[in-house]
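Starting off, we have a lone chain in the form predicted on its own, written out as structure tokens.
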């Protein structure tokens, strides 16, 4: 999604009020943006805490500020500066974290960002965007820029097969339809599951919904989704994030405020920072039972459990 990010920011770069800061990252991807912005493209070096304080100061002066780094370095090391300098002062700094979840795979837990949006959403005045497809990035950037709050855009890589018809952007949108339970997946995982399950018979195919934003007000949940949750055998929420501070936790609270309760519920999430071995994102997803086979097994179990509960 880095190319799409560069294109989206390039389309805004003629605005002399826009400033972009990077923590010594973005090479072989953001050079066109650097050439367009000139001295408004600032390499802050490996000094994330200082970079955030500078970004806050620029935002306080009315600049449109974007801050870019590897997701784990963007939220964890400078968390105090994000809290004190940005969130507490309600400054609209836009954070872009590349490689959310297990995106940096073999580089190990120091590079994994499986608690990023949960941590940031403990702070006031924050919004989180998790693009599902490459085509979502431009919309997420536009929505972040228009927000009066601080924003976090979590980038991954598109997981769909070539030729997959990408539906128009929405905070929650349905990707597949069927009778095999309801699955809500956050970010690129939704595309992975849609590609894997689209060819299943309708009796086994789940209703897959993609979440591109984390904090949803109850009125933002489509009525169709609520009906599927009520009428279906169960709900599974999958995300490359730890359980605490998860999208699932927030979403289930939203459902309870509406008096909507699934017959069965399962949360597929990042189960650990460390495993017995290092491995790719695909390997780590499998260890956390986030791979399509494991998630499909959960969805199939809903019908079996529903029969036992009768």
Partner chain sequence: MTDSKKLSSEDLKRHRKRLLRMHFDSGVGHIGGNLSALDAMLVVFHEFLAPTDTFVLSKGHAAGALYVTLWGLGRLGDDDLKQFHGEDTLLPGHPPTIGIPDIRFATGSLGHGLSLAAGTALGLRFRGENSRVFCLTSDGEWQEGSTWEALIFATHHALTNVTILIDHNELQGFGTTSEVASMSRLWTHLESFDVDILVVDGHDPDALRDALSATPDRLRIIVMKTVKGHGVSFMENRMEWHYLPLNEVQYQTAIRDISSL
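Numbering follows the first chain given and starts at 1. Treat the numbers as computed from the prediction; the structure is a model and nothing was measured.
Although it is not shown, the form predicted in complex with the partner chain is what the next lines describe.
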{"property": "Partner-facing stretch of 65-73, 273-281, 32-40, 250-258, counted where any non-hydrogen atom is within 4.5 angstroms of the partner chain in the predicted complex", "result": "32-40"}
{"property": "4.5 angstroms heavy atom contact with the partner chain in the predicted complex for residue 164", "result": "no"}
{"property": "4.5 Å heavy atom contact, residue 85 to the partner chain in the predicted complex", "result": "yes"}
{"property": "The partner chain contact in the predicted complex: residue 56, any heavy atom under 4.5 Å", "result": "yes"}
{"property": "Exercise: residue 19 in contact with the partner chain in the predicted complex, heavy atom 4.5 Å", "result": "yes"}
{"property": "The partner chain: the contacting residue among 89, 157, 177, 143 in the predicted complex [heavy atom, 4.5 Å]", "result": "89"}
{"property": "Every residue of 48, 60 and 81 near the partner chain in the predicted complex, heavy atom within 4.5 Å", "result": "yes"}
{"property": "Residues from 261-284 in contact with the partner chain (non-hydrogen atom within 4.5 Å) in the predicted complex", "result": "none"}
